[in-house]
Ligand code: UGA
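Taking the form predicted on its own, here's one chain by itself in structure tokens.
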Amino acid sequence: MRVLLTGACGFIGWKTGEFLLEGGHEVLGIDNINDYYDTKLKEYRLFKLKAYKMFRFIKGDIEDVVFLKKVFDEFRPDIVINLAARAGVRASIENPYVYYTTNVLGNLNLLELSVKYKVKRFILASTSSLYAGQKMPFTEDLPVNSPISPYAASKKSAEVTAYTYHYLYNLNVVVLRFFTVYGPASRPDMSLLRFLKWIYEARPVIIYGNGEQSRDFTYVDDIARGIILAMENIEGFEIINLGRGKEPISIKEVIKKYEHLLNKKAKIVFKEKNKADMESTQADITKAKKLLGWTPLISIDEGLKRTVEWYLKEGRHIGFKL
């Protein structure tokens, strides 16, 4: 199939692109390569994707509807996977406007064109941040009407707009709510890459809160597999969790695992917890198992081991700033 992959140079976009290409799909990747974090990592991921013959890349922004129309005119995608988004809870508080122009208006542009060009299926990346204040494990039918950050609010807006386009135009839509994705070449503002780099370089490891907050950390390969499974057999509109679905792991536990893998001791500095940070997350993945035949395969220990191996072999030589 012809797959339009937005956010192709992002962490999840890159890995999804690799899996799509290895599966024989034709992929057109678009990304604006913004400087939200060091672009060296984005360039590294793009370099990896360009090794595939069935991959093409066009630099551009999903906020630019004229640019997008040219892309749809030329490529005529069967599937749209929208992974282009401004991510990060804390950064969304500092600059909420760009979160709405990208995550809401950019997504609207893609939905409009998907209907016009008769796209078979629209896949939207969403977030477990929507479940703030709900009882764990989180199920997709919970009323997620109280987002506590502009980031979460923008993703909720994207979800409901996608539903509207399904309702009005019978567009098949799959919304995937990701649970704290980690792995090699992740965003440097994500805690797991920050902790790894800081421990390796013997720098202070900054923890916001007491370190007991926990997450349903999910390895990036598992997330990419789930996205690809969502390309087929889903009709109508569905919201599906993608997470490990097991007991969440605390920040302190992750740091201990890194200490063991690196044979180094972390120098921890505690700072005040951000009001918009969730205390804990855990996915109920019953629906993903039933509709997608998906279960995560990579344990937290194996995932952290692979992440450390990548960092020691390649990551520390990229020179990204943190």
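Remember, it's a predicted structure, so these values are computed and weren't measured experimentally. One rule holds for the numbers: they count along the sequence shown, beginning at 1.
In what follows, reference is made to the form predicted in complex with this ligand, a form of this protein that is not presented.
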item	value
Check all three, 100, 105 and 156, heavy atom within 4.5 Å of this ligand in the model of the complex	no
Stretch in contact, per heavy atom within 4.5 angstroms of this ligand in the model of the complex, of 226-234, 162-170, 176-184, 68-76	176-184
Touches this ligand in the model of the complex: residue 82 (any heavy atom, 4.5 Å)	no
Distance check, residue 200 to this ligand in the model of the complex, heavy atom within 4.5 Å	no
This ligand contact in the model of the complex: residue 117, any heavy atom under 4.5 Å	no
Close approach of residue 215 to this ligand in the model of the complex, 4.5 Å, heavy atom	yes
Contact assignment for this ligand in the model of the complex, among 122, 151, 219, 138, heavy atom within 4.5 Å	151
Heavy atom within 4.5 Å of this ligand in the model of the complex - the one residue of 144, 207, 113, 240 that qualifies	207
Heavy atom within 4.5 Å of this ligand in the model of the complex - qualifying residues of 76-96	87, 89, 90
